[in-house]
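This document starts with one chain, in the form predicted on its own, laid out as structure tokens.
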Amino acid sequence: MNQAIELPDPNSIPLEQIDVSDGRIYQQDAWRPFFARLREEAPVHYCADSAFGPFWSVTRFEDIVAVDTNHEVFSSEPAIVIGDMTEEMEVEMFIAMDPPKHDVQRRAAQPVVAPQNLAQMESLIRSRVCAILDNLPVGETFNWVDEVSINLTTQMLATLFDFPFEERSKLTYWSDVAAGSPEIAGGDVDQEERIPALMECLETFNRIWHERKGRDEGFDLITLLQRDPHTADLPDRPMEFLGNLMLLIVGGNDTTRNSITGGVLALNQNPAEYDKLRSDHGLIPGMVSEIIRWQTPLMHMRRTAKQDVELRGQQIKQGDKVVMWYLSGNRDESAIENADDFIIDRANPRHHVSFGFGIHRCMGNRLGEMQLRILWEEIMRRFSFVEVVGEPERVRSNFVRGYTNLPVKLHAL
């Protein structure tokens, strides 16, 4: 169970003492008033003292877009999370690179989510969704996170990597330890567990890489990286190979996984919206975008100022950490009408910051949306109600907005 350690009242402490890097704020789902105050009083806010050192918080939609689309001034190097990599595990990944290196490495992996590849994946995803849903117990309480969210996304991840299907639970484990470090994201994964686990990940993919060498066919991520001259020698740069593996595993797993859970929770918290969905299944595509906005599965991205720069009247110095809080931008009333409300038939549902902007915009956004769309199409064909019957348990992290448990009960049509 989540330990409810008492957090400060965001409306009574001095503004300069607000520290939104504390992972407990998100574990206890207590983040809304912290960001509401920052958006109102200090939309570009300096925290001088945190577990991750000093950093700026950017909390309004338009300022987030301005930072995200200006990689010449706001660099992704050396990291895209608030914390810095530890010396024992100083990995590199293309999301934490600037052009030109970023561009060539991203281009190598991009074809796995090309439109024609996604079209071919649709029937496979649907068959897996159907198999998962048809095996769920109706009328009995179970953990939606394990049985549906993790199950589906891990199967999909195994497909993207062409990873041994019977060993796919390793991918989930590696994703959790990669994203759960206290030093990097305020999580609670022990460093003594994390490093051996990630070394196992590297060794496993080194073996897969050499087994696949020279293979002409295949559209999996490893084969694509081998084919591209800019990434064909990745195993010779082990920390870069591991970094890109972590990026693709976390990006292909944590985000969709937590949106699958967040969507069930949002519909239960907003029963009128669930009624709308029951009346009109045609609302599913727009609802998917609203779920991704509402959930904001990756809560922030960090940049580092390459030069002194002014943002909304604040003087940011070269080398300062600048953290874009997507979670806050998605609740910005000045950019999104009724931003705190979950509304499945919004006029412009894709108007959100969950995928980021600019050169680092989420590569797999269409795949994530497709998985959610297919899942909800098949849920609505089978069940009148996915009922939440207990409190959700959340991950301790300032980066991944995730769940470990959501007890539900299914009601048949």
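Residues carry their position along the shown sequence, with the first being 1. Keep in mind it's a predicted model, so treat the numbers as computed, not measured.
We do not show the form predicted together with a small molecule, though everything after this point is about it.
- Residue contact check for Arg168: none of its heavy atoms lie within 4.5 Å of the small molecule in the predicted complex.
- A residue is said to contact a partner when one of its heavy atoms sits within 4.5 Å of a partner heavy atom; Gly252 meets this definition for the small molecule in the predicted complex.
- Using a 4.5 angstroms threshold between heavy atoms, Arg373 stays clear of the small molecule in the predicted complex.
- With a 4.5 Å cutoff on heavy atoms, Val323 does not count as touching the small molecule in the predicted complex; it lies far away.
- The stretch among 44-52, 29-37, 341-349, 358-366 whose residues place heavy atoms within 4.5 Å of the small molecule in the predicted complex is 358-366.
- Though the small molecule is absent from this view, in the predicted complex it lies within 4.5 Å of a heavy atom of just one residue from Ile222, Leu248, Val145, Leu327, which is Leu248.
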